[in-house]
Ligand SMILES: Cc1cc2nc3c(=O)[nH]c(=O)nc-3n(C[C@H](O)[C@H](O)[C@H](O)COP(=O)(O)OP(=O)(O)OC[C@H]3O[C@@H](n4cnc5c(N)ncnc54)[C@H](O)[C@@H]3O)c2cc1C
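Below sits a lone chain in structure tokens, taken as the form predicted alone.
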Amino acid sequence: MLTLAIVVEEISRVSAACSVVFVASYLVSEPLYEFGTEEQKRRFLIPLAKGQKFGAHAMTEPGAGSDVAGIQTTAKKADAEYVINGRKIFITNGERADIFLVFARTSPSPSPEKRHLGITAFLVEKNTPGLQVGKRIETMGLRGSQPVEIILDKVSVPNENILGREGEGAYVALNTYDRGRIGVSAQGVGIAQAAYEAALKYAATRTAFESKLLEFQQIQFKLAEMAVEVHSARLLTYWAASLLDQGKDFVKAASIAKIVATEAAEKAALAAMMIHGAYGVSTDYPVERYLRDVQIIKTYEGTNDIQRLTIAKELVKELR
């Protein structure tokens, strides 16, 4: 995970949209590695790992984002298969994916306290009848990787394509998100680093009032704050990744890293735009793209407000 974080960070310095392509595929390969049978790994994981196929993680619905238990897509048992009906939205890699990890409700929730039970994860291949790629959803950021809607109309999936246990798909999803948000943190670090470098380079070359911008103390303070936040975000991201690699409890660390890194990226992008002046809002310069991209990464893998809830729950667990 530490290696993955470093790779994602470096690619995100140039194009966060490019990094999304394989970060989204990881949201299929990682649960396959953790929960897949040997046959599922042979059929699906190996081609994903080789880069021969792309994956897409299909959880979000028009009425269910952060509330995973609120999904309305259903999967009805029919002999040796399940028939899935529903609609997924904001699916990254949806246009190019060969393998979809689709979450559907196979049974009602047993109680309000256990709403997450009854959801099952299915591996669905691209050419399965009834699986359609719907409209492309234009977003303000990550414009090189626009999400799509996925329509499932009587999609038949064999029993052997269930990932994990029936009714425990929410656990598969949440386990995946805990790991995936470290990659999102790395995206934040990469964007923050790019904004910092752009601001520093511009301040060192642009002249105003017969002096370089870098000579003004106000600009120096902005750059110093950017440096503090970039390095803090990087260390927290590497800390979370290292805890996972060591087999230690990393959930709280991953949520902390995601909040700090994505918000550091937003602050760095805004500061870079201010230092660039009018050029900061020009599409001829990259800094306005950094600000747009970070709005997306703040949202997926659980919004930052959801991360704060996760941290609070972990603190209560530690206290007990």
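All of these numbers come straight from a predicted model, not from anything done at the bench. Start at 1 with the first residue shown and count on from there.
The same protein also has a form predicted in complex with the ligand, omitted here; what follows describes it.
If you check Ser66, Thr37, Gln52, Ser282 against the ligand in the predicted complex, which one has a heavy atom within 4.5 Å? Here the answer is residue option Ser66.
Is Ala261 close to the ligand in the predicted complex, meaning a heavy atom pair under 4.5 Å apart or at it? No, no contact at 4.5 Å.
In the predicted complex, Ile311 touching the ligand (heavy atom, 4.5 Å): Ile311: no, not in contact with the ligand in the predicted complex.
The ligand contact in the predicted complex: Ile256, any heavy atom under 4.5 Å: Ile256: no, not in contact with the ligand in the predicted complex.
Counting only non-hydrogen atoms and a 4.5 angstroms cut-off, does Ser15 reach the ligand in the predicted complex? Close contact is absent here: in the predicted complex, Ser15 is far from the ligand, nothing within 4.5 Å, heavy atoms only.
Please pick out the stretch from 213-221, 157-165, 83-91, 228-236 that is in contact with the ligand in the predicted complex, where contact means heavy atoms within 4.5 Å. Going by heavy atoms within 4.5 Å, the stretch is 83-91.
Within 4.5 Å of the ligand in the predicted complex: residues from 284-302 (heavy atom criterion): Stretch hits, in order: Ile296, Thr299, Tyr300, Glu301, Gly302.
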